[in-house]
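One chain comes next, on its own, written as structure tokens: the form predicted alone.
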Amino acid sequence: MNAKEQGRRRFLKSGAALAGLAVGGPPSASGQPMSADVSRIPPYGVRSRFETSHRGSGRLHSGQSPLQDSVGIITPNPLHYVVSHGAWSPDIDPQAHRLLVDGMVDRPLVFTMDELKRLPSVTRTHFLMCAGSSYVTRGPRRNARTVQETHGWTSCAEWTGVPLSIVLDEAGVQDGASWVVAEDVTKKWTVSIPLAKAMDDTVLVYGQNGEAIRPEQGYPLRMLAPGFEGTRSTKWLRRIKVVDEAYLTRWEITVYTNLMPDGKARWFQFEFEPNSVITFPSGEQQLPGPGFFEITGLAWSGGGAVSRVEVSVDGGRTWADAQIQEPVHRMAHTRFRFPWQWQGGEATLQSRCTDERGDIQPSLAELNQIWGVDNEYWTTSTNRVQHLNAIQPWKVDRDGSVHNAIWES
């Protein structure tokens, strides 16, 4: 047998061995072959058992997104933050659900879900955020340790639905109308938004990240007012009423307000200011030792697209531009990245966001000056404060441990 023939036989033998391995499936991390039985593929996909990221729970009917584990800008549906008031995921049959549009309209209308889905639709990427996130995380909870605890009440998704303007045009909005009131199926949640916002970019949403929105996100229908407080994006939507003034509902005048030191209160703080946070390195994470690291995080603004993100590694003394990762959507999370060579000493990492209107995220000291308050205003348990968009500092100690340093300034 010549050398060429011997080589051919060795190749065939090795090929047969590889084929046998393929039949049995490749070995798993535990050394056991993985099943090649396609019938075992679950009808609805599940993640690897080695992935354990989950929503944190800080209060009844709520859960924070694990931003420290996020990649890109889209929050998976099972990890999207949740805040619900007075109801937890009503069990709604979409075939029986109806949306009523009435009030100051020429033609009051009732839509089934099938009728809504026949109308022209849009798909847009937007963030949602709880207006009270500052109160429940960085206010009385002075000891919030992780980015999930400090900023976990914001998430970003791709939403699909019908522009509210199409429905309102079909109903015929009457002269003198200036607000719309949205009501959920429980009739316990009713809030107002300006008619101008309703006609601009507000969407009646039935899809999230390529599938039906989940019960905790308002299935089968919710309203989405991009850039506005999450409280304005009514879940389990059953009614849109066109009116000539804000309804001053319970939630609008007693909960989602800012009581100021002079006794007056800020009402109708619809739009979120520019904000950002470093997600790595962030609180409770551990750097293994000096060397190169890529600082990364998220930025967003209710005023439009993020145009610039700066990073400081020396507590705000100097700043440098971070790389903004495409795509950049208006009123959506935007991923930023920054190369950092850690020398092993103490460092304070911060980020600040500038949006397309030129509005810049302030430091805590700057925000205090703008509002005419001090740190005690944000930290006392007697204040239910909203819209704390101050720069978030993370302190890196010499041993590589990272902790929240916002109240150290």
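Since the structure is predicted, the reported quantities are computational estimates derived from the model, not experimental observations. Note that residue numbering follows the sequence shown and begins at 1.
Keep in mind that the form predicted together with a small molecule is not shown, yet the notes after this line are about it.
- With the small molecule left out of view, the stretch that reaches within 4.5 Å of it through heavy atoms in the model of the complex is, among 316 to 324, 91 to 99, 291 to 299, 232 to 240, 232 to 240.
- The contact residue chosen from Val167, Val173, Leu204, Val82 relative to the small molecule in the model of the complex is Val82, the criterion being a non-hydrogen atom within 4.5 angstroms.
- A heavy atom within 4.5 Å of the small molecule in the model of the complex is found for exactly one of Thr279, Ser276, Thr150, Gln217: Gln217.
- Contact check for Ala332: no non-hydrogen atom falls within 4.5 Å of the small molecule in the model of the complex.
- Looking at Met129, you'd find a heavy atom of it within 4.5 angstroms of the small molecule in the model of the complex.
- The small molecule in the model of the complex comes within 4.5 Å of no heavy atom belonging to Phe336.
- Shown alone here, Phe111 lies farther than 4.5 Å from the small molecule in the model of the complex, counting heavy atoms only.
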